[in-house]
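This document starts with one chain, in the form predicted alone, laid out as structure tokens.
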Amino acid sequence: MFWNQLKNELLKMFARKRTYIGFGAFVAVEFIILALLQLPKAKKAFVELLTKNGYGFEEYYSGITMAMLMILFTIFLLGGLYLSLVSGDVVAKEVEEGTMRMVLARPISRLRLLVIKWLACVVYTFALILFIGVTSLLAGVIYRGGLGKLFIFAPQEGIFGLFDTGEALWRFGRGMFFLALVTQVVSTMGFMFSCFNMKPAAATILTLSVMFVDFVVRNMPYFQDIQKYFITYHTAGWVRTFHDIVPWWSIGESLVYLAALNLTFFIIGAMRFCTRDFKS
């Protein structure tokens, strides 16, 4: 019964039009970025970055490099937006429409219902990140006519990496897996706010507000010594998989920190939802 209920929850989630907004938006952004990269000034900046470090432009201006560029510069804003949009909708929308009372009339505990809805958010998060990774790679390959070698530059994480095609593809796939893991915290936070007595839009806005405030404060120079207390420091753990020598201990710490946050958010949301009165 559990798997049937989860399947039905997923069918319900993916039957809503807003679930697909994130998929369409990322495709549109990918085309816009690739179009802008045709501009002479954009290419010149890329050439200067590579050539002044002694590397060839054509060799690393490749399909997989384009894919990484698109993901690095869009995932925080767009990924956070659409994950919080769907997760903030999953409980609050049914309450708003009045269907939650009918669901709770069935012989199923509130906690079981929440676990199913949270798992649906987890599946959606993995599906969106997989879609972003695959479409970015396809767009980059079509744009450049092949995979090529990978160049990744992430100064905040201290990464200036160059990888051959085989290693690049492996690291790209591994990075997408870790990206899906770390972004679960956004979905779970949105899910938590969705369990409170508020509109779906309010749950989405609160989730985005927390993430943006965390990001802004983290990037202020006065707080460099307490980086590890910020959520966005740990969500950037996926980028650290592109270090030449991967700091697995640091990445593991980030995953444990985020797992603890996920558990905390779920417990808070479940406690609030299980004590709510849906009769009035």
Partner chain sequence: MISIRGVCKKFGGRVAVDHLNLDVPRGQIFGMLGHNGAGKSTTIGMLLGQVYPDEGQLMIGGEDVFANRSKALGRVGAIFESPSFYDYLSGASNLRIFCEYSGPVDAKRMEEVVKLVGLEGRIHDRVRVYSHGMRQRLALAQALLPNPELLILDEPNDGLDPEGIHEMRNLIVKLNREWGLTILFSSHQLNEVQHLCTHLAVMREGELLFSGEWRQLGLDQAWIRLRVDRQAEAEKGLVGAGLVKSFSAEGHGMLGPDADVAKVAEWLVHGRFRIGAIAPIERDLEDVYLAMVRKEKDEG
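Quick caveat, the model's predicted, so the values are computed rather than measured. Residue numbers count along the first chain shown, from 1.
Just so it is clear, the following notes concern the form predicted together with the partner chain, a form of the same protein that is not shown.
- Among residues of the shown chain, A15 is one whose heavy atoms approach the partner chain to within 4.5 Å in the model of the complex.
- Contact annotation for S209: none of its heavy atoms lies within 4.5 Å of the partner chain in the model of the complex.
- The partner chain in the model of the complex is approached by L11, whose closest heavy atom lies within 4.5 angstroms of it.
- Among residues of the shown chain, E94 is one whose heavy atoms approach the partner chain to within 4.5 Å in the model of the complex.
- Annotated contacts: V103, P107 and R110 all touch the partner chain in the model of the complex [non-hydrogen atom within 4.5 angstroms].
- Contact annotation: the partner chain lies within 4.5 Å of heavy atoms from the stretch 94 to 102 in the model of the complex, the single such stretch among 94 to 102, 81 to 89, 187 to 195, 143 to 151.
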